[in-house]
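Presented below, as structure tokens, is a lone chain in the form predicted alone.
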């Protein structure tokens, strides 16, 4: 009995030492991250519960939940959230599907795939503001390259950025063009890590490419697909620069995603207290949804 308790105590001590070692490695980065993020977050929270003196740029008087009530009663805030939801629902699945599909194709054995892999990295390294500006020139209704090309087929000029429906689709296309290579890189690493023995056994059994994709590759890749979705979600929810450079939130408020709306309210309308309340609400919603996505990713990982 004593030996069993001794072994349990030793195992518990080893686990505690392992946990302490992990935290020792993480502590410097965690401390630096905390110092970097703590002040802006707490300052934003403080402003969201106060009036802001624009002369001193300091909180001037506690107002409680008044700023939050003002935000919740503002229809424009909910409209910006709806626009953001439309963008996320359209862009994220498209980028995940395209990214893993392209990665599957460029990892097949064919000549020149190395060049194609290198070319796919280019959009990812272009600055978002530059990408939005370049695409705005390409899609210009009068002298843009896109309308010139479709004009060769007898089609009339399209107002890509002036029509509310097309403007949102255009933002999704630009964002997909820029971020699909990121998904391709992750998917390529995941595909290269798949066990080759399983596919060789399937080849021996006479399985075609569709069978191997549907019943072998996809189940093995499902945890990585879920993890990639979470990573891309954290980036997409911060959408700001491409919408600002390409459409400026227009026409009307068709592409005014929530971060662009908060920016306009803070730095153009000088409603810093209300915009701080908006930022805290968006932060809370993002944390809740991210937690749900992580929970779903873990369940997929356990299932597969």
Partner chain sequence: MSTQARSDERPTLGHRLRIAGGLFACAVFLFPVAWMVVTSFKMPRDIFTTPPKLFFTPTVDTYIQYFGHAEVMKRMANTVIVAFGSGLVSIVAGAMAGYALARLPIRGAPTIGVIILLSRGVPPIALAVPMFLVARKLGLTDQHITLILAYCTFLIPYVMWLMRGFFLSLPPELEESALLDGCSRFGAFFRIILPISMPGLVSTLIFCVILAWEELLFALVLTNRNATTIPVAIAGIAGDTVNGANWGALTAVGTLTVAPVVVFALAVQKWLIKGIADGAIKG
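From a predicted model like this one, the values you see are computed outputs, not experimental measurements. Residue numbers count along the first chain shown, from 1. Note that the rigid core is defined as the largest set of C-alphas that superpose within 1.5 Å between two forms.
The next section is about a form of this same protein that is not shown, the form predicted in complex with the partner chain.
A heavy atom within 4.5 Å of the partner chain in the predicted complex is found for one listed residue only; from 198, 169, 116, 150, this is 116. A heavy atom within 4.5 Å of the partner chain in the predicted complex is found for one listed residue only; from 85, 97, 129, 213, this is 129. At the 4.5 Å threshold, heavy atoms of residue 21 reach the partner chain in the predicted complex. In the predicted complex, at least one heavy atom of residue 143 sits within 4.5 Å of a heavy atom of the partner chain.
Although the partner is absent here, residue 192 lies within 4.5 Å of the partner chain in the predicted complex, judged by heavy atoms. Under a 4.5 angstroms non-hydrogen atom cutoff, the partner chain in the predicted complex has residue 125 among its neighbouring residues.
Interface residues of 52-66, taken as those with a heavy atom within 4.5 Å of the partner chain in the predicted complex (partner not displayed): 57, 58, in sequence order.
Core-superposed comparison between the shown form and the other one: CA of residue 199 displaced by 2 Å or more. The rigid-core alignment places the CA of residue 20 2 Å or more apart between the shown form and the other one.
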